[in-house]
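First, one chain by itself: the form predicted alone, in structure tokens.
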């Protein structure tokens, strides 16, 4: 230590943490949240996404008490009136029309949104938890642990995920939970590599070295000093993982290996309506528009959270 450095005085028994540093640590998340809500675009995207999520997860109550149509109910009154499904919006009391079997399209879109959002959110949760944990451990400890994690990442990257999902679908009919776990387990390596790279650049910073000198454990260093600096990356990765999982489910549904019919999802609704794009375009527009708005909102929210929680951007 230099002879010109100013010694830190402390009363006996007092912790060697200044009040300013403690308040900064406690206020990190609060300041990030305030920064996020200071942008009108972030607020609008969050509000729209919350509305879509609440409506989709309330699909059972809405269908029973407002629309008075169940998910798989076929409207035989259309046949008695000489109408051949699919019928257009507003016909027979169906706000968005019906599908080719005479089922209310609005109810199907709401239930499909619940399924697609569940797959996206659950897959992102599994992917971020696994990817963040392995990225932190790999980047911080290095050595054989880093080699093992990198080897596992390369194995997952070299496995064609789509074909593996198709093969797994041949052995069992995937439901929401199993499909989410499989997609999440196959999509964590990208986030792990990003987080590992950031941890490698952070583990030798001055404040990390100071924490080691003060006797902080590896667990405390990882979750108190390193994790807050990679939250922005985690949030962006989570946003991309939500969208990626929803797109993956849609692709599997297009190939006939996604969520099993008659359970609707935005993916299998789009794949099942491609033959009616000219004769009954509302069957395509309704789930496609819901999918597009949801994906756009997720991207905007993830980008806003990155800007709000990135210390480098907040210092400018």
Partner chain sequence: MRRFVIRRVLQSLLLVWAVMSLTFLLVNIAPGGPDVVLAQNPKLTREQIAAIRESYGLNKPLYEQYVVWMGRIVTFDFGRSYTNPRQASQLVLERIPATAQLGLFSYLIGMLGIPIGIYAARHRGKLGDNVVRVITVVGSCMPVWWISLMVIIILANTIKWFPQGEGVGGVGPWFVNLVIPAALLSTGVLISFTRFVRAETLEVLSQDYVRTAQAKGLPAKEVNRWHVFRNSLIPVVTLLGYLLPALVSGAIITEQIFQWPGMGRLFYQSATSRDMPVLLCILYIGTILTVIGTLLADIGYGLVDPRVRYD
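Residue numbers count along the first chain shown, from 1. C-alpha atoms forming the largest set that superposes within 1.5 Å between two forms make up the rigid core. Everything numeric in this text was worked out from a predicted model, so none of it was measured.
Another form, the form predicted together with the partner chain, is not on view; read the next lines as being about it.
The chain is drawn here without the partner chain; in the predicted complex, the stretch among 120 to 128, 242 to 250, 138 to 146, 206 to 214 whose residues come within 4.5 Å of it by any heavy atom is 242 to 250. Using a 4.5 angstroms limit between non-hydrogen atoms, residue 223 is distant from the partner chain in the predicted complex. Taking non-hydrogen atoms only, residue 160 approaches the partner chain to within 4.5 angstroms in the predicted complex. Taking non-hydrogen atoms only, residue 277 approaches the partner chain to within 4.5 angstroms in the predicted complex.
Among residues of the shown chain, residue 302 is not one whose heavy atoms approach the partner chain to within 4.5 Å in the predicted complex. In summary, among the residues 48, 55, 263, 288, the only one with a non-hydrogen atom within 4.5 Å of the partner chain in the predicted complex is 288. Although the partner chain is not shown here, in the predicted complex the stretch 128 to 146 places no heavy atom of any residue within 4.5 Å of it.
Core-superposed comparison between the shown form and the other one: CA of residue 213 displaced by less than 2 Å. Superposition of the core reveals a Cα shift of less than 2 Å for residue 247 between the shown form and the other one.
Whereas the shown form places them at one spacing, the Cα atoms of residue 303 and residue 207 lie at least 3 Å farther apart in the predicted complex.
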